[in-house]
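Coming up is one lone chain in structure tokens, specifically the form predicted on its own.
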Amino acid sequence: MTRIAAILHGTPQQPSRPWPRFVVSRAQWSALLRENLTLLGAWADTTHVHALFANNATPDPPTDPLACLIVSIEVEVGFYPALSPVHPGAAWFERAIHDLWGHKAADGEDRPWLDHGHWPQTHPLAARPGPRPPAADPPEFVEVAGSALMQWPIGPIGSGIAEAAHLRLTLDGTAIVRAEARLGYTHKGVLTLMRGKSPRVAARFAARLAGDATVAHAIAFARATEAALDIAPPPRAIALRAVMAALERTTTRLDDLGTLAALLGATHLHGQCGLWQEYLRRGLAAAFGHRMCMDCVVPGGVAGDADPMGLSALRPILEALLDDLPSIRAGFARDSLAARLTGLGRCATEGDAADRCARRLDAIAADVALVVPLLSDLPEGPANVALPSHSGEGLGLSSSARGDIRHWIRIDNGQIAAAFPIDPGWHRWPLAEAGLVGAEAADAEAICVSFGLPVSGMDL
């Protein structure tokens, strides 16, 4: 028996799929925090706080029932033991939990995150929401001691059509000594909007969490629903989802690469990436009826079958993109651009901007190489299955251009009782904050683009 299995031995379990959810004591919660686990997300309901971990010590993740842990702890007198002293990235989840449910992390953070003081009531998901705040407060940021330091606020509103986010840089001259983000400006109330809806109606809200990952969020939500109801989509739907997801990742990565090239003065490379992005968007519209494939993925499969002629038209586009990828790669490797990217926004786990660009190009090649043969060998058969009006709890996973997306849902007699999406932005923004430290203020925008920082998916 492993250490984690020993900690959880005899613990009450909730029948969540594909992994059970353990309702643990405070002693077990503390013991688990001392183990080799990676925090993937944390959320709450009116009585408990839930945390999702990846078990780094598991020898065989596909078969180990403890490869992924969902644990819950009861909130007592409004408090629960904080995760952030051991997992610093949990601070953002703790702040969101406090804003939405009112639960406080003991020895953790409760500075506002999603709630900017404009909601009609505080703690809207609590059993008894609080009154409307008296007035909106300015955002709170951590102060850095030093008489020669200055703060430079960027956002939340800027030029262009970028998502609203506030980045506060503390500068020593022109060097960044601290970076701190504050989001929540595009909060949509998705968790409340999903409740009481059927999974297929709620899927529309999942698809609108993040514009550059509409397919990935829809797939994660659909897989969570299918796990909760113990059903499987048809093989043809699985294949069509794979095509849509791979091409969504490709267009998002091309957009990131083109935006970064434009910021660094490589206008020809920006145009080259933009052209292929537009070709792919038009191909997706012809095949699936929407440039971003919004609402094309539903729990149980896909909303409708793809257009055969549209699918056929995608293949030459992808083959031509594969032929042009060496040219794009060479553009990023040219001396002037490579010199700007090397060392830019270096982070211990992610390398520098040059490394991140190289990984994006490799991922584009891999996704396109995956889709081309798939288009020639799509399974025949139905595109979706009916959903039973059962109850259940499930976790779904998908891959986006920014990283893995996870959705947890609980269904009660065919309707969503609770849900929580875990967007990659929860983990990418702390990486960018670390990567900005030591850089020049003038490079801040390029560094942020190189990390690929989503906003809307975190703002819920």
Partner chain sequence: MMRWPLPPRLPAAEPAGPVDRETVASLVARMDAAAQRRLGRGLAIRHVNTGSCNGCELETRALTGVLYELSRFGLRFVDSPAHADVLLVTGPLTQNLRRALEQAWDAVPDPKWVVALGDCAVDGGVFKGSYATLGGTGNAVPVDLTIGGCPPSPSRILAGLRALLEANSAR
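Positions refer to the first chain, counted from 1. Note that the structure is predicted; figures quoted are calculated from it, not measured.
The form predicted in complex with the partner chain is left out here; the points below concern that form.
- The candidate spot formed by 233, 351 and 397 lies out of contact with the partner chain in the model of the complex, as no residue has a heavy atom within 4.5 Å of it.
- 162 is the sole member of 82, 361, 239, 162 with a non-hydrogen atom lying within 4.5 angstroms of the partner chain in the model of the complex.
- Residue 292 is the only one of 337, 86, 292, 177 with a heavy atom lying within 4.5 Å of the partner chain in the model of the complex.
- Only one segment in the set 378-386, 169-177, 313-321, 67-75 has residues whose heavy atoms sit within 4.5 Å of the partner chain in the model of the complex; it is 313-321.
- Contact between residue 307 and the partner chain in the model of the complex is found at the 4.5 Å heavy atom cutoff.
- Taking the partner from the other structure, the partner chain in the model of the complex has a heavy atom within 4.5 Å of a heavy atom of residue 185.
- At the 4.5 Å threshold, heavy atoms of residue 212 reach the partner chain in the model of the complex.
- In the model of the complex, residue 90 stays away from the partner chain, with no heavy atom inside 4.5 Å.
- Contacts with the partner chain in the model of the complex, taken as any heavy atom within 4.5 Å, map within 422-460 to 456 alone.
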